[in-house]
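Included below are structure tokens for two forms of one protein chain, each presented in isolation as structure 1 and structure 2.
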Structure 1
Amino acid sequence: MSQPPSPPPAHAFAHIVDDDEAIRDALGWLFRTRNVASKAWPSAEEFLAAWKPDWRGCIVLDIRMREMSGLECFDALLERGNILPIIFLTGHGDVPMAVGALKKGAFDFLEKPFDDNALVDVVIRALESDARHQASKETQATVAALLTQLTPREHEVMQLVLAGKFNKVIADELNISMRTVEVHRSRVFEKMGVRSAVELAQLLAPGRDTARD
């Protein structure tokens, strides 16, 4: 049997965007029973007015609302560069629209009436997905900061180390002594906080494009 999803980070919220007060209240109660923090918004307009790019969590978005629709809100969020996973709540006739939204990057959709536990499970997976994305961004930012500490020569040596070249080959290519290569290599490992070329490669694998040209 598969393990249940782990609890979401305490600072992440499931944002409920629905113009039906009864549904907002019901979903808020449902999420509390599974220790999922949530915030409710009565319209897409109010949510968009408050939205900030550094929010963490996910968005549970009703596809049909009286004023701005969920799809219109989705498009507006895409234009703003939103990265929070979006889960659509749909009626039977809205499934084709929801499928179209999936192709544009929505996380998932559930058709009404939906199973409560199924919805919460999808929300928790969305929160976990956002947490992984945020952790990856933070790692890349850390790596980029570490790379700025390298001198141009250390950067050259690092690239050749990553290419799997031995110290003697690096020395020949850069026209420096093997001892100098060893010193640069040691300083690269120290500054990047690694102990081997393998660890260095693993550290840089998610964000090689952060290296200097």
Structure 2
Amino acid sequence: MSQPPSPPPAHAFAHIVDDDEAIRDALGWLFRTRNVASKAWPSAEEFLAAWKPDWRGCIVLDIRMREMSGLECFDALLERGNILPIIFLTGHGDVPMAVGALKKGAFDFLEKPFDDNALVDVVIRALESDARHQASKETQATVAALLTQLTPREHEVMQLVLAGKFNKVIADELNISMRTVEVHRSRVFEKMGVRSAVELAQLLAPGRDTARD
């Protein structure tokens, strides 16, 4: 039961967060004409209140807003584990601000006035980037879910199996019989949905994303 069938697909939106209605409308129109699904939010607070970790897409965030600024909103999102690419818009940005934002993981940082085409391009790349990240995140979550199904002892045995040790050695180290190790090992394979130690190792050593932007 630790695997809900499949979380509601959560359609991917370009979330526009700007307290200037004119901008929201303009961006909304721009995205509509380019077939990019978007949703507008009149303030960082409202966006944050609605935000869910499983949202897909990207965020187009104005820096200067009444109340909470875009940068503060960014920090809040980071703390909450947001992984959506964030594109900053600003009319009054300076270099340190841009550098800081990008180094903290922002996807891009555009100055107003910006070129419509440039913005749409960036947004599309951001959406693609998020989509790519999705695949790996999902399998990662699946693997994590499978791991929680293991009993402590099974987990322990798995570690030693992954260390390339013989059942015999594992039995020795845990002071149990070989047969018991075999049973645990077998259950581990079964629960993790693999059929050999090699597959297990590959499942747990995914790495190699290399997706940079």
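Think of the rigid core as the biggest set of C-alphas that the two forms share within 1.5 Å after superposition. Just so we're on the same page, residue numbers count up from 1 along structure 1's sequence. Only a predicted model underlies this, so the values are computations on that prediction, with no experimental measurement involved.
Of the two forms shown, the form predicted together with the DNA is structure 2. With a cut-off of 2 Å and the rigid core superposed, Trp29 has a Cα displacement that falls short of the cut-off between structure 1 and structure 2. Glu111: CA moves less than 2 Å between structure 1 and structure 2 after rigid-core fitting.
Treated as two rigid parts, the chain shows its smaller part rotated by 29° relative to the larger one between structure 1 and structure 2, based on C-alpha superpositions. Comparison between structure 1 and structure 2 places the CA of Glu138 2.5 angstrom away from its other position, after core fitting.
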